[in-house]
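A lone chain, given as structure tokens: the form predicted alone.
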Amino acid sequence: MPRIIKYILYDILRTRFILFYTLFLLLSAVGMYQLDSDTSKVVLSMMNIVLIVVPLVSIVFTTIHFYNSYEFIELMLAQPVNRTVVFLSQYLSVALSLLLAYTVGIGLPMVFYGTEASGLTLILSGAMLTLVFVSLAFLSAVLTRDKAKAIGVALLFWFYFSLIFDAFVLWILYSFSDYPLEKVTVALIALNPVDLARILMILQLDVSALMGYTGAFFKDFFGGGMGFAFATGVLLLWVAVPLGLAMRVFKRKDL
């Protein structure tokens, strides 16, 4: 498996897209630091970019890469190579390339200009979102042989978690505003990795007061080590569950 990963990773890193993705994040971070010397405000501004761009790039790039690698996958499966090895090699190669681009693009400016704990949380949140949406991309890709349909499903995942889900939560909070919904809201946020990463970032930046009473509850729950462990564990589940489902479909699929 290491040889397969090395070959795929080398092939991905040579693509211009990874270079453009790295440069986009790098220039965005440097630009934010140039506009404001307050690291907290810079991280808050970068958070908005990370929560939208990172999931979108991860899920679209992964889906396209999977279909562009279809002939290579078929070639590998024609050899005495286990399907699990081929699948995990593809996943790890794509995930590592996107994580490398993200870490370099976001991390280098933070090392140069200096950062706080919120900056490290931003890097961790973006890395977890990368892994989550790569898993979702593989799931959408193995469900159908049609490339256009798979990209449509992938974009639907991103659109739902980034935009539609928030409207759904707001509707619930508005409709049942007479009831205590703090714990229900925590459960709902656990169903959305993007919202979970956003809450962690906001609490690290100590601007939870902007979220009112619910924000204070989030601060009590997520602010401690137990809350951080809970959030990280849920994000890891968001990585593992779609990946496990995708692997199961891939192992049974007739290519």
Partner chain sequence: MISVEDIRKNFGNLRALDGVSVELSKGRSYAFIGPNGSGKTTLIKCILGLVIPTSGDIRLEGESILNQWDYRASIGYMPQIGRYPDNMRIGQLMDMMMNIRNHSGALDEELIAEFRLRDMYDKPMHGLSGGTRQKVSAALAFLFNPPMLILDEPTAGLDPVSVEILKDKINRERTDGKLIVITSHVMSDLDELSSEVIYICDGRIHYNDSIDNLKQETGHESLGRAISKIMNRTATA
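Every value quoted in this text rests on a predicted model; they were computed, and no experiment measured them. Numbering follows the first chain given and starts at 1.
Same protein, other form: the form predicted in complex with the partner chain, not shown, and the subject of what follows.
J.: Is Y10 close enough to touch the partner chain in the predicted bound form, meaning at least one heavy atom pair within 4.5 Å?
T.: Flag for Y10 set to yes.
J.: Verify the contact flag for L77: yes if a non-hydrogen atom of it lies within 4.5 Å of a non-hydrogen atom of the partner chain in the predicted bound form, no if not.
T.: Residue-level check for L77: yes, a contact with the partner chain.
J.: Given that the partner chain is not shown alongside this chain, does N68 nevertheless sit within 4.5 Å of it in the predicted bound form, heavy atom to heavy atom?
T.: Contact check for N68: yes, within 4.5 Å of the partner chain in the predicted bound form.
J.: Taking any heavy atom pair closer than or equal to 4.5 Å as contact, tell me whether S175 reaches the partner chain in the predicted bound form.
T.: Output for S175 is no: heavy atoms all beyond 4.5 Å of the partner chain.
J.: Quick one: which of 106 to 114, 79 to 87, 167 to 175, 128 to 136 gets within 4.5 Å of the partner chain in the predicted bound form, going by heavy atoms?
T.: It is 79 to 87 that comes within 4.5 Å of the partner.
J.: Spell it out for me: taking the partner chain in the predicted bound form, does every residue among I4, T15 and F72 have a heavy atom no farther than 4.5 Å from it?
T.: Yes: each residue has a heavy atom within 4.5 Å of the partner.
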